[in-house]
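In the form predicted alone, a lone chain appears below as C-alpha cells.
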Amino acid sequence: MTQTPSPPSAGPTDAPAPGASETEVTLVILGASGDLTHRLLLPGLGTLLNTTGRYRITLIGAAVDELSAEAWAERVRSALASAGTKQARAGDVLARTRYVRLDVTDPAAIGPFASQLPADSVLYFALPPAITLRACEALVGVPLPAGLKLALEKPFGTSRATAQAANELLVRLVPERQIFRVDHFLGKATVLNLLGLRFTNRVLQPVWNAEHIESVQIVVDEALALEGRAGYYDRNGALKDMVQSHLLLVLALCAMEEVSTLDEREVRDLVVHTLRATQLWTGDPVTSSRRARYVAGRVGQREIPSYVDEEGVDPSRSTETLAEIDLRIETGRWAGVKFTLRSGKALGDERNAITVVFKPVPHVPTGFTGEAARNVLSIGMKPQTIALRLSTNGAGDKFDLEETVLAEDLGDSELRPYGEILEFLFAGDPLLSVRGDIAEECWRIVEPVLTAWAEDRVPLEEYRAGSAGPLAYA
C-alpha cells in the first residue's frame, strides 16, 4: 500500500539565503528515478544554473521506487556534474533536494502531495504518456496551488481524438497557459534562429513565398539505430516519433505569417493557423507518403542488425524506421510549394536541416556559359549552421558560371535543450511549448497516412543500414 508522503518542506535551515535577485522555484519531477530525469532533465537544469542566477531551486524527486535520501542525492550530484554545473550552484540544489516514494496514479497519495506544494511550483511528468494521463485523472478535484505549471512529454495523444480528450482533462486541472507540452525541438535557439532569419533580414523577408521558393525540405536523418529503445520506438515508428511532432512544428515556424511580437499567444496563434492550412500534397496518403525499414549493414565502425532482429522488436508490427510525407499549405503565400518532411534511422549521413530551394532566375544574359546554380538556403538545426548556395562568375573564365557556397557556424546555445525548456517553465512563458490545438492539428495532418500504412496501402521499402536510404535516395 502506498503511503501518503508529507508535504514538501521549504528546505534545510542551513541552506544559503537567496540573493535579492533570485526567485524561489519548486521543481517536482514525477518519475524521478527514470532515465529521462538523469540523462536530460537534471543536466539541463545544471546548464541553466550555470548561465543564470535568477532562480533558486527546491528540487523534489518522486517515483514509485524505493530510493534512499543518499542514493537520490548521488543521482542528482552525478547528473549535475555531467553538465559541468558550478560547484556552488550544485551544492545549493543538493542542500534543498529530497526524494519521496509516491504512486502518482493513486488519488490518495498524489492528491495530498500536490495540494500542499508552494504556489507557482512546476510539476514535471517525466513519465510515459499513459501514466501521465492516469496521474492527471488522479488530480481531478484536488485543490491545486495557485500558478501550478504542468510539464508533459510527447507524444500528446495517439490520435486526434485522444489528443482532444487529453486536452479536455488537462484544462480541468489548470488553465491552458500553465500547461507545457514539451518538445525539445522548440529550443530557444532553434525558434529564434528561424524567426530571426525570416523576419529581420531584408534579403530573405520579401522572397519568403511561392513567387520565389520552389520547395522546402525538413529532414532529420540519423546515424543512430534503435539503441535499445524498442519498448517505445517499435510501437510508434518514425512518423509518430519525429514527423507528427517535431518536424510539423518546424514546418509551421518556417511557413507562418509574420509576427509583430514574440508574444507566446501571437506566435502560437500563427503556428496553428499554418497547420490548419496544411494538407497532404496530392490529398492522397498513398501518393503523398513513403515508408521504409533498415536491414543489416554497417554505420561507421558499427555493425547494425536488421531492424526486425533488434531486441524487443515485434516484426508483425511493420514499424517503419524512415518516414516521408509531402505537404502543401493552402495559402496565397505558399500556393504550389511542396514541403517534404523526412526522418530516418541508421543512415550513412546525418542530416538535421531545413533546405529551401529557390526557383531559377527567369533569364540568364546571353554570353554566360554553364548553368546558373539554383539558390539554396540550408538552415542546420543541430548544430546551428547556415549555408547559402549562389551562382557566381568563375575564377578563370569570367563568363563561366560556377557555384559558390557561403557558410557559417552559428554556434550552439550554452543551455542544453532541457535547460531552455526549464528556463521558460520557471518564467511561466509557454512560448516554447505545444498548445493543445497545435497538438490536435498535427495529428489531423498525419492520421490519413497512419491509416493507409496500417492498411498496407503504402509498401514498406527496405534500405541497408549505413546507406543513403531507399533506392531513390542512394
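Fair warning: this is a prediction, and the values are worked out from it, not measured in the lab. Note that residue numbering begins at 1 and tracks the sequence as displayed.
Heads up, the form predicted in complex with a small molecule isn't pictured, but that's what we're talking about next.
Practice prompt. From the candidate stretches 307-315, 167-175, 344-352, 284-292, select the single one in contact with the small molecule in the predicted bound form, where contact means a heavy atom within 4.5 Å.
Written response: Every other range fails; the passing one is 344-352.
Discussion item. The small molecule is absent from this chain, but in the predicted bound form, do 188, 224 and 229 each have a non-hydrogen atom within 4.5 Å of it?
Written reply: Every listed residue reaches the small molecule in the predicted bound form, so yes.
Worksheet item: If you check in the predicted bound form, is residue 149 within 4.5 Å of the small molecule, heavy atoms only?
Response: Close contact is absent here: in the predicted bound form, residue 149 is far from the small molecule, nothing within 4.5 Å, heavy atoms only.
Worksheet item: Quick one: does residue 242 come within 4.5 Å of the small molecule in the predicted bound form, counting heavy atoms only?
Response: Yes - in the predicted bound form, heavy atoms of residue 242 and the small molecule come within 4.5 Å of each other.
Worksheet item: Hey, in the predicted bound form, is residue 181 touching the small molecule, heavy atoms inside 4.5 Å?
Response: The answer is no: residue 181 has no heavy atom within 4.5 Å of the small molecule.
Worksheet item: With a 4.5 Å heavy atom cut-off, would you call residue 389 a contact of the small molecule in the predicted bound form?
Response: Result no; residue 389 lies far from the small molecule in the predicted bound form.
Worksheet entry | Residue among 134, 382, 198, 268 with a heavy atom within 4.5 Å of the small molecule in the predicted bound form | By the 4.5 Å heavy-atom cutoff, the listed residue in contact is 382.
Fill in: Contacting member of 276, 154, 89, 77, with respect to the small molecule in the predicted bound form [4.5 Å, heavy atom]
Contact residue from the list: 154.
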